[in-house]
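Next up: a single chain in structure tokens, the form predicted alone.
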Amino acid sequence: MSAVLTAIVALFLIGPVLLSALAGVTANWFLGASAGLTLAWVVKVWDLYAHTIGLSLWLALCCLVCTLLLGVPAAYALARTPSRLARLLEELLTLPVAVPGIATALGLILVWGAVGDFRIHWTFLLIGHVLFTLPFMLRAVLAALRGAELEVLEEAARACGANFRQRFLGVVLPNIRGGILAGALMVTALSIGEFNMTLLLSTPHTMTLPVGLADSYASMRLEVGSAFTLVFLVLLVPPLVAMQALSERLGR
């Protein structure tokens, strides 16, 4: 019974996505499958929106690097400082998740929008993506740190003569790699798919994949937007599945 219920729920969730992807390879969706299948719409998407795909992947990579460099040390510091101030700081760092993305984007525009050409540079989008995704990296790493008996491990390494760098790189990081990979998985997926904040921050020169997807549905044929959805899935799903499998393997 549970398997049937799970299958029904999965079909309810995945069905619309599969239908949209199917429309992207149909010559004329309004005529149905009798119109034949074609990759012409996929080629059209690549011709018109390839730059949005490249920018989104580049943003996701840069966002991942930034959240790793900021989130892992911050999580370590918070885990090693069990005080009320640390708890308050932890809540403040996760606040961007609760604030609507449009409000965050508006704040960034008000603060940085008039600084030279920064408004039309891709790094402007990167700041927004880092603000939005950093809490997810922070939470994942914090959970791993708090469940790894950090103090015991570090005391044992210190007793063996290891300095701070050796303890952090050789003891702490290997024991929380599962949490880091889980955070990296969330950051990558959220950065590539982020739309609300990006829609307000982007310009014609910095259009990302989700914004391009919305533009294709609004200004092109249904088949073009559906083909864009198919491209989105092909680019996003395999890396995320691979990262999930790696995270589960290292977390054992």
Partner chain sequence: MSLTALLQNCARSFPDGTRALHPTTLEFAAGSVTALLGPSGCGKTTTLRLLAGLAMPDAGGRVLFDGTDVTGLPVEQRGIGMVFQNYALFPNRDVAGNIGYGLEVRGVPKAERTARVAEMLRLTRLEGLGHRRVDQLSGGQRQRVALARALAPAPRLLLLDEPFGALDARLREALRAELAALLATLRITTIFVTHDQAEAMALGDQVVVMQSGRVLQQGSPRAVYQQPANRFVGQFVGTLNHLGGDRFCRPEALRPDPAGTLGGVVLVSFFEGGHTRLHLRPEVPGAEGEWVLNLGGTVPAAGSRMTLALDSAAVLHLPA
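A quick note: this is a predicted structure, and the numbers were derived from the prediction, not measured. Numbering follows the first chain given and starts at 1.
Note that the form predicted together with the partner chain isn't included here; everything after this is about it.
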property: Candidate stretches 84-92, 174-182, 131-139, 107-115 - the one whose heavy atoms come within 4.5 Å of the partner chain in the predicted complex; result: 174-182
property: Sole residue of 78, 145, 126, 157 within 4.5 Å of the partner chain in the predicted complex, by heavy atom; result: 157
property: The partner chain contact at residue 100 in the predicted complex, heavy atom, 4.5 Å; result: no
property: Contact test in the predicted complex: residue 162 vs the partner chain, heavy atoms, 4.5 Å; result: yes
property: Residue 120, heavy atom within 4.5 angstroms of the partner chain in the predicted complex; result: no
property: Non-hydrogen atom contact residue 170 with the partner chain in the predicted complex at 4.5 angstroms; result: yes
property: Within 188-226, the residues that have a heavy atom no more than 4.5 Å from the partner chain in the predicted complex; result: none
